[in-house]
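In structure tokens, the next block holds one chain alone, the form predicted on its own.
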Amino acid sequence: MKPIGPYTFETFKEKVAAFHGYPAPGVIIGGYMVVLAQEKIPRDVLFDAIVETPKCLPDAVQLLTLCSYGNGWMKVYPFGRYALSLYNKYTGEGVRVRIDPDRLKAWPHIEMWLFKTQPKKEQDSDALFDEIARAGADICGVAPVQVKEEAMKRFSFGDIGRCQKCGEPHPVKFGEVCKACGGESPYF
């Protein structure tokens, strides 16, 4: 079993279960991906993260780095690709790590999980975790990236004012009424 950064496989699996709600294979694989990316960037670099799926992978980034969606150091793009990048927050130079489907031939349970060729309830979880523990980052491809300047910008709400309709504080740049009162509320 290959370690995941400072953790043994089993310890990280327990950490994932406590954080994610169960020991999700995607978060565990993501742990190997994050550690591999960290190994490929200079140790003294302040980095941000880009994650290309909202499923599981952001949790691995949050567990193993200081980057989180909440602090703005991780951006999540809903591309549905199992890939992440860590990059210098000032220059945009970094590394992208992805699951390489060409490296999955020796790992049929990981391949089945990734491509969803069998329903989750029919997959052999023990065999899947065994393959993940033995494969580690060997199933990953790595490439240098240069993040676009516009993707490196920090999100800001800007000035805050009161909504003319509900009275709640909201970003002034959205107009006189907040987005919820303007029809974008998820509530009835």
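These numbers were taken from a predicted model, which means no experiment stands behind them. Each residue number is its position in the shown sequence, starting from 1.
This protein has a second form, the form predicted together with another copy of the chain, left out of what is shown; the following refers to that one.
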Q: Answer for Pro42 alone: is it within 4.5 Å of another copy of the chain in the predicted bound form, judged on heavy atom distances?
A: no
Q. Is the gap between Pro58 and another copy of the chain in the predicted bound form 4.5 Å or less for some heavy atom pair?
A. yes
Q. According to a 4.5 angstroms non-hydrogen atom cut-off, is Pro23 in contact with another copy of the chain in the predicted bound form?
A. no
Q) Does any heavy atom of Tyr90 come within 4.5 Å of a heavy atom of another copy of the chain in the predicted bound form? A) no
Q: Tell me, out of Val35, Ala133, Val147, Cys140, which residue has a non-hydrogen atom within 4.5 angstroms of another copy of the chain in the predicted bound form.
A: Val147
(Q) With the partner left out here, which residues of 151 to 188 have a non-hydrogen atom within 4.5 Å of another copy of the chain in the predicted bound form? (A) Ala151, Phe155, Ser156, Phe157, Gly158, Ile160, Gly161, Arg162, Cys166, Gly167, Glu168, Pro169, His170, Pro171, Phe174, Cys178, Lys179, Ala180, Glu184, Ser185, Pro186, Tyr187, Phe188
